Every structure is written in C-alpha cells, then in structure tokens.
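Take a look at this single chain, the form predicted on its own, given in structure tokens.
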C-alpha cells in the first residue's frame, strides 16, 4: 500500500496537472503529494522496514526528502512566478518526477536500479534548472547534463566491474553478493569508478563544476531540493558499496580516498567562496564544502562516522532554508550580486533575520547540529593522529566561515528607505526548517 501511494499518487497527480489551468490548483496538488510523502516518512520511521523493506540508510535519506518536499510545497504557495501557465505546469510535473526518482534511489538496494533512478534525477532536474529559459540557465542545465552524464557513465562502468568481480552467480543486490568468492582486485577498481562517478553527482571535487552554475540558475525551491536532497541521493550508492569494501578488508583504501576527495572539496570551496560575488553561487560552494566534510567524516571513522550522518541531516535542513531565504532576497532585489544590495534587515526584517540565522547555523554555531558534527570530526582527527589534515581543515573552515558571514553582514546591514513585505509562507517554510535543525542540534538523535 505504501509503495502504491508513494509512486501511484504522483503519477495520478501528473495526469491531473495536464488538465489544470490554475496555478493554485497545481500548487495544491504538489502540496498534497508532499504531505502524503511526509505521512509515509512518519509511518516508515514508526514502523521500521514497513515501507518496501527500507533500511536505516534509506530511511534517513527518505525522511530528509519528506521534510524538504513539505517545506518547498508550502514555499511555492507564496512564491511569485511570472512564467506562463504552460511552463508552470511542466515545471510542476517534472518536480514530482524528480521527487519520485529520488525516492526510488533511496529505497532501492540493487545497484542497477539505483543507477537508473539517479540517471532519472539528472534528466528531470535539468529541465527544472533551465526553467527561466535565460541563456545562463540553459547553459547551466547543459553543463549539468554533460558533466553528470560523464559521472554516471563512470559509475555504470564501476557497476559492470562489480559484476566482473563476481565469478559465480553475479548480482547487483548488495545483500546477496558473496564476499567469499569476490575478486578483491576488481572490487577495488569498481569502487574507485563508483566513487568518482557518483561523487560527480554529489558535487565532490574535482568534478564539481556543474554545481555552482546549476544552483545559481535554478529557482530557489529547486536549489533547495538539489542541495538538500539530490546530493544525499548520490551518496547512497557509494555507502552501499562501502560496506562491501570494509567487509573485504579494504577499509583503509576507502578511508584514504574519502579523506583525499573531502579535503580537496573543502579547499576548492574555500578558494571560490572568497572570490564569488553571486550569493547563490556562494551557497553552492558551501554545499561542496559540506559534501567534503561528510566524506572526511566517513574517512575518519569512529565517532566521526556518526558525525557524517548527523552532518547530512543538519546540512540538508539548513542549506535548504538558506536557499529559500536567498530566493526571498532575489525576489526583493532582482539581483544576485551581493555588492549591489544591502539593508535587508531594513527592507524586509523577516528575510534579514532568516539570512543571519542561516549563516550562523551553516558555519556550525550552536544550536546548529553542524557544531556537534564538526566537533566530532575534529576530535576524531586528533585522536587518530591526523594532525596535518586537522590543521588544514581548521584553517579552511575559518576562511569559509568568515566568507559566508562577511557576505551575510553586507547583505543584511545598511540603511534603506524602502520597505517590502512578502507572503508569510516565504518566511514560514525556511523558518520551519531552521527550527527543526535547531531542535536536532539540542536533542541529538541516537544512531545505531
């Protein structure tokens, strides 16, 4: 029954959308889809494993997606859109297809199916990125398609190599793979291809180039979903194959690769955060930084492994709220260059405070859950003797924190005679995400 609701209702809603000519009715259909999704997420949490055999990793990603879908659906109720009803209808249809594809990737345990669903997210989200039909948004969508297609191709090669690694009874269902007969050499090569391939979709350096353009050009709700949900979806197959590597005694190689790609991603983010003038691109580079931190956490192991999952949860909520707040700023100023704007607290106090709170929480100030995750990562690094990594990471995080807060102060402070109010949903949606993140930061979840 749960699976029918999860995939059947949006399919029905898509058919209904084709006959609707009212934005409000389309928005209500998307909202109903989000509420059903959230209800299924709550049921899956209470009745573990009841929704299509969902495991703990799938449950975490699914719950995050449920919360973000609800916030974005409510945000859309107050978001101004000047496109034609035809374009808005197509946009809403592909939004639901995008969510369905992410659901499939989160729930699937067969690597072949995961690959298909991740590829479906690429196609559907490319159309969402190019929604404005500006030259820059079309270029961003094509760049996203090209780079992610290269990554997906590498991931597919890795999956084929995993089949080669199994001389007898080859399967892509992780739980059915016989580790006693698997070839360590081909498994190792397979994991490298899968890490680089799906890591491209995750926005990890050095194949991160699509992410700043895509996040900058997409509408605010789509940017929130890309950063808060899609990047997590790309991590799922990596973590599923990660179990095979550790069970085969190659955990050290995995951790070295995670640390290398993670540190490189944080370094790239630090460099470009100081150089970019587009505040949406700045948030995109912050996503690259946080994906890097997640990989560093898994690379360190121990308590940092728990921190990795906590960081996934905290970053998804806070960054989605931040992108929605950036959407408010763009609606007010019609300009993404932070050097050309200012006085947000005077013009729109609600959005100004949301920006400052989001800035504080994304850099890890309490009660942000990222404070705890970063603390656990740092202490694990020191405990394992990664002193060079620790020193470099602390320096890079300081640079990133200064860059984000400096931009936030420039946007929010200053005088302005202008006043502009927005629809209440444009405050409530990001505020709700930040509130949930703060509650998690105070009452830390227990992970088994």
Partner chain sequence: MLEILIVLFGLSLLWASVTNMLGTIIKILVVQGLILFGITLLKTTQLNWLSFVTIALETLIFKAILIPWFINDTIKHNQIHREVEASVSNFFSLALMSLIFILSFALAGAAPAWSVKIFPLEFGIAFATILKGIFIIIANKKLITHLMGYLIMENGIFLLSLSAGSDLPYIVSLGVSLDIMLSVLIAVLFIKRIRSTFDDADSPETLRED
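Numbering follows the first chain given and starts at 1. Model, not experiment: these values are computed from the prediction.
The following text describes the form predicted together with its partner chain, which does not appear among the structures shown.
Checked against its partner chain in the model of the complex, the candidates 248, 255, 92, 276 yield a single residue with a heavy atom inside 4.5 Å, and that residue is 276. For the options 133, 340, 175, 84, the one in contact with its partner chain in the model of the complex, meaning a heavy atom within 4.5 Å, is 133. Here the chain stands alone, but in the model of the complex its contact with its partner chain, taken as any heavy atom within 4.5 Å, falls in 163-171 among 100-108, 311-319, 326-334, 163-171. Of the heavy atoms in residue 285, some are within 4.5 Å of its partner chain in the model of the complex. Contact between residue 378 and its partner chain in the model of the complex is not found at the 4.5 Å heavy atom cutoff. At the 4.5 Å threshold, heavy atoms of residue 122 reach its partner chain in the model of the complex. Proximity of residue 345 to its partner chain in the model of the complex falls outside the 4.5 Å heavy atom cutoff. Scanning 141-159 for heavy atoms within 4.5 Å of its partner chain in the model of the complex gives 142, 143, 145, 146, 149, 150, 152, 153, 154, 156, 157, 159 in sequence order.
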